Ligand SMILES: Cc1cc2nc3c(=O)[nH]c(=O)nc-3n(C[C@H](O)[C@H](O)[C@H](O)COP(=O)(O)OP(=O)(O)OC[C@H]3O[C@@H](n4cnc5c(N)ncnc54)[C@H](O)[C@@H]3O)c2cc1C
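Coming up is one lone chain in structure tokens, specifically the form predicted alone.
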């Protein structure tokens, strides 16, 4: 094996972005040291995809970019230079068998996120990358706006020629993503755009959620309005618990909701997005005719799941014991409106332990998009969730980590 050169790169953070960056730097014959404050590497990676690791997709580069809701333009270079196809090829060369699932999502065939972590660690060892766990960086040292060393907690200094910050955001702080990387960047004069929790459950204030708690609604449309203007529609799943909503459709909506402006938002669920208002009214009329001599509360069993029926009966203001053939056209029309726009009052987002990702972070205008290099400090690079961009579910955020990590390692 060719001897390593004397240039040393320190990668702060042993998550997917940091590991990819370290591998690319090592393949360029650099001495690479990963510093991880946690006692175990890649703790957050093990949680992704419910422990199965939705590591990328089969999307083409432009399709992938369309799934990014913050920082699209910045990520063009990263995604086109290291697209989802490159990620698939990378892991297959490491011996990981992959499979495609619904939504063009890619998982390891083993359904084990641990396999992805183990293969990355094995390859890091093969490339001669040193990993120091339970090691916290206190400061990145510079001279004449150039990286010279890192100072560890406890005072030890390590001379380096470049540093890659890949410490993550603020979601799942117990995995090490506790915002500490923001402080390191701020100490060097970098600006942080306030991190917002994204892909996170929503807290709601609706009595009906306790009646429907435990219900999983499939194939519904969630609509977010800013005052009267539609901001975002999201089709998919909604999972109801007392005063909280989650599920794929809600997680996407959460990316477009800012907590400090909650009073200006309106949220509604279309329970029957496949039916227009006229078709739905005809469908309801058919059910009312079918159960014409029964009480209204017993006439919705063909239309709605059991846990949702008492909710709709209550909110419709049609008396539960009203006989179906006595229901008026106006009441029927109001029922249609309710089913197409079930109102939800949002009171906030879930906490950092529930959020899948962080939207916001290191300001993009201070980073070179083609290299992930700092525009302020020579020898400083960034990768992964510490950066501002964020994407919807589907393996896209891990892909961003791999793509930005690739560029940082290629250029450090």
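Note that the structure is a prediction, hence the values are computed from the model and not measured. Residue numbers count along the first chain shown, from 1.
The next section is about a form of this same protein that is not shown, the form predicted in complex with this ligand.
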item: Residue among 60, 28, 376, 37 with a heavy atom within 4.5 Å of this ligand in the predicted bound form; value: 37
item: In the predicted bound form, the residue from 237, 136, 287, 331 that sits within 4.5 Å of this ligand by heavy atoms; value: 136
item: Proximity to this ligand in the predicted bound form (heavy atom, within 4.5 Å), stretch among 28-36, 363-371, 343-351, 65-73; value: 28-36
item: Partner proximity in the predicted bound form: residue 248 to this ligand, non-hydrogen atom cutoff 4.5 Å; value: no
item: Touches this ligand in the predicted bound form: residue 22 (any heavy atom, 4.5 Å); value: no
item: Heavy atom of residue 254 within 4.5 Å of this ligand in the predicted bound form; value: no
item: 4.5 angstroms heavy atom contact with this ligand in the predicted bound form for residue 14; value: yes
item: Within 4.5 Å of this ligand in the predicted bound form: residues from 391-411 (heavy atom criterion); value: 395, 396, 397, 398, 401
